[in-house]
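Encoded as structure tokens, the following chain is the form predicted on its own, with no partner shown.
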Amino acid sequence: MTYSLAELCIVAGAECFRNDGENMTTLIGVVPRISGGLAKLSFAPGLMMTDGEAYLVSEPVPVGPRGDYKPKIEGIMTYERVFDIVARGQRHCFVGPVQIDRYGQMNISVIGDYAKPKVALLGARGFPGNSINNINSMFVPNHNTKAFVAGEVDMVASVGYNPARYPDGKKPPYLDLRRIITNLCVMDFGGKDNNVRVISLHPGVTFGEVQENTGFPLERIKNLGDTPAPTDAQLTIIRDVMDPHDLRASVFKDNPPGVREAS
């Protein structure tokens, strides 16, 4: 089957959860939601999901209008229990920050000077506690130097690999930043001193293009290759089970193909 860029990113996002075991997932946005569902239905049955409900569900809830679909409830997940899980570090958050810096520090709060910002956004929300205790992965739909900034993000809303920010000079013991999925590539924090590293390029993208659109130096793995294409089985789950209303088509302008066409 041919596939879209959104579907390529969804499959790459699902890999963030490989070997997670029995963790609760928090999935913010269309691509993270479908990615988590694909992972649970493909290779990570132990993932615990609420999909925005106050209940744990035994199967991922499709995105978009539900019609006659009824969530398969298998347990209660109250606000109190969520905080218990956050404190124990048994959660993997897949989120969409507005800015990321070389340390993996994320910003969803303000753009510009905090005292007089150009744009006021959501505030820090749960990012401080989530990032210090829980696994975090990130989806950034527009890979450019406004998103991947030089220096630090305008407002540090989450914990990253920046020793200058640690109150006692020691890295928080549960800090675990996994992967960043963008419209250009897949990255992780496996470089020297947790530097951001490119681990695959989407078909038709070069490392030079990724570096040009990033405000800080990147590392790359040896034998850097293309992001794996979705399998037919994965595309069936994405299209027929997780996203029957094709909400993923709105993630990127004009819903481009997964393999970039030659210009």
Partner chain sequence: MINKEMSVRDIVDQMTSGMTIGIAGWGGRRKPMAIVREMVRRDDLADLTIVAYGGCDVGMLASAGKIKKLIFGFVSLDIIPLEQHFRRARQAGELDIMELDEGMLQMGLKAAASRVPFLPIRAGMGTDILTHNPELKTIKSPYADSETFVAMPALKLDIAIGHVNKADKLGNSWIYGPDPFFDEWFCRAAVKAYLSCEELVDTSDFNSPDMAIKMPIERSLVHGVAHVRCGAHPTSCAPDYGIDVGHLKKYSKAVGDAFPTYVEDFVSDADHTNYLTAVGGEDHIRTLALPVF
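In this text, all values refer to a predicted model and were calculated from it rather than measured experimentally. Each form is matched to the other, and the largest set of C-alpha atoms that superpose within 1.5 Å is called the rigid core. Residue numbers count along the first chain shown, from 1.
There is another form of this protein, the form predicted in complex with the partner chain, and it is not shown here; the text below is about that form.
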Q | The unique member of Phe94, Tyr103, Phe127, Phe148 whose heavy atoms fall within 4.5 Å of the partner chain in the predicted complex | A | Phe127
Q. Which listed residue (Pro45, Gly204, Gly64, Pro228) meets the criterion of a heavy atom within 4.5 Å of the partner chain in the predicted complex?
A. Gly64
Q) Has each of Asn144, Arg178 and Pro244 got a heavy atom lying within 4.5 angstroms of the partner chain in the predicted complex? A) no
Q: Would you check, heavy atoms only and a 4.5 Å threshold, whether Glu209 touches the partner chain in the predicted complex?
A: no
Q | Contact flag, Gly215 vs the partner chain in the predicted complex, heavy atom cut 4.5 Å | A | no
Q. So, in the predicted complex, is Arg165 in contact with the partner chain at a 4.5 angstroms heavy atom limit?
A. yes
Q) Wondering, does Met187 line up within 4.5 Å of the partner chain in the predicted complex on heavy atoms? A) no
**Q.** Residues within 4.5 Å of the partner chain in the predicted complex, restricted to 116 to 145 and counted by heavy atom
**A.** Lys116, Pro117, Lys118, Val119, Ala120, Leu121, Leu122, Gly123, Ala124, Arg125, Gly126, Phe127, Pro128, Gly129, Ile132, Asn133
Q: For Asp193, state whether the C-alpha moves by 2 Å or more between the shown form and the other one after rigid core superposition.
A: no
(Q) If the two forms are fitted on the core, does Gly169 show a Cα displacement reaching 2 angstroms between the shown form and the other one? (A) yes
